[in-house]
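Take a look at this single chain, the form predicted on its own, given in structure tokens.
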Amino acid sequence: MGVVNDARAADRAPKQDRSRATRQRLLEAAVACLAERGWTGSTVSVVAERAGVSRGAAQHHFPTREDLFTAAVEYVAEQRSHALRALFPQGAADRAELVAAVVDLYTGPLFRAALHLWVAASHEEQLGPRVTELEARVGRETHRLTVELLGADETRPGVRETVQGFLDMARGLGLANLLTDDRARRERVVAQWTRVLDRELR
């Protein structure tokens, strides 16, 4: 009996691994499609084809298009947090480096994909509430992580608003980057915000 149970468990493990791998491929394909094609060009069929799986397999993991792309943006948010953590596993020793890293995250393909979903959510009734709730959660986590990495003391007046202003600025640069790659201007803005943070967080 124990041998049979062991065999069943061994059979389940590879299936679970394959299922996780399929889900991962679908999320990565959804992010890439959103970044490249926008919402209207990113159907479940297009994502499934890009991921190399059948439409049926895609719908097994994500029954609706909204399920797929909401999960994709959640995946984007997790990847952004992981990327920031990976850059500074012991905390940020250099504030200028941290400011540049946060701005890079907001001007990269992960943020571009999220932007396309925001636009779609603004006029898709089924998508709007889900993306609004998700982005509120992501915003809180990003703020918390940034405060931690900056070593900011939010009990001091104005510090919370300064950190949020920095994140809003980084998001604005991400929006501007959709149209033009104005790297020189961005570097000057990053340098100025580093000085602002140095002054306000001392």
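Each residue number is its position in the shown sequence, starting from 1. Just so it is clear, the structure is predicted and the values come from calculations on it, not from any experiment.
Not on display, but discussed next: the form predicted in complex with a further copy of the same chain.
Only one of 66-74, 51-59, 132-140, 24-32 lies within 4.5 Å of a further copy of the same chain in the predicted bound form by heavy atoms, and it is 132-140. A heavy atom within 4.5 Å of a further copy of the same chain in the predicted bound form is found for exactly one of Ala176, Leu145, Val46, Ala152: Ala176. a further copy of the same chain in the predicted bound form is not approached by Gln16, whose heavy atoms all lie more than 4.5 angstroms from it. The closest non-hydrogen atom of Arg85 lies beyond 4.5 Å of a further copy of the same chain in the predicted bound form. The closest non-hydrogen atom of Leu105 lies beyond 4.5 Å of a further copy of the same chain in the predicted bound form. a further copy of the same chain is not drawn, but in the predicted bound form it has no heavy atom within 4.5 Å of Arg183. For the stretch 178-202, the set of residues having any non-hydrogen atom within 4.5 angstroms of a further copy of the same chain in the predicted bound form comprises Leu178, Leu179, Thr180, Arg185, Arg188, Val189, Gln192, Trp193, Val196, Arg199, Glu200, in sequence order.
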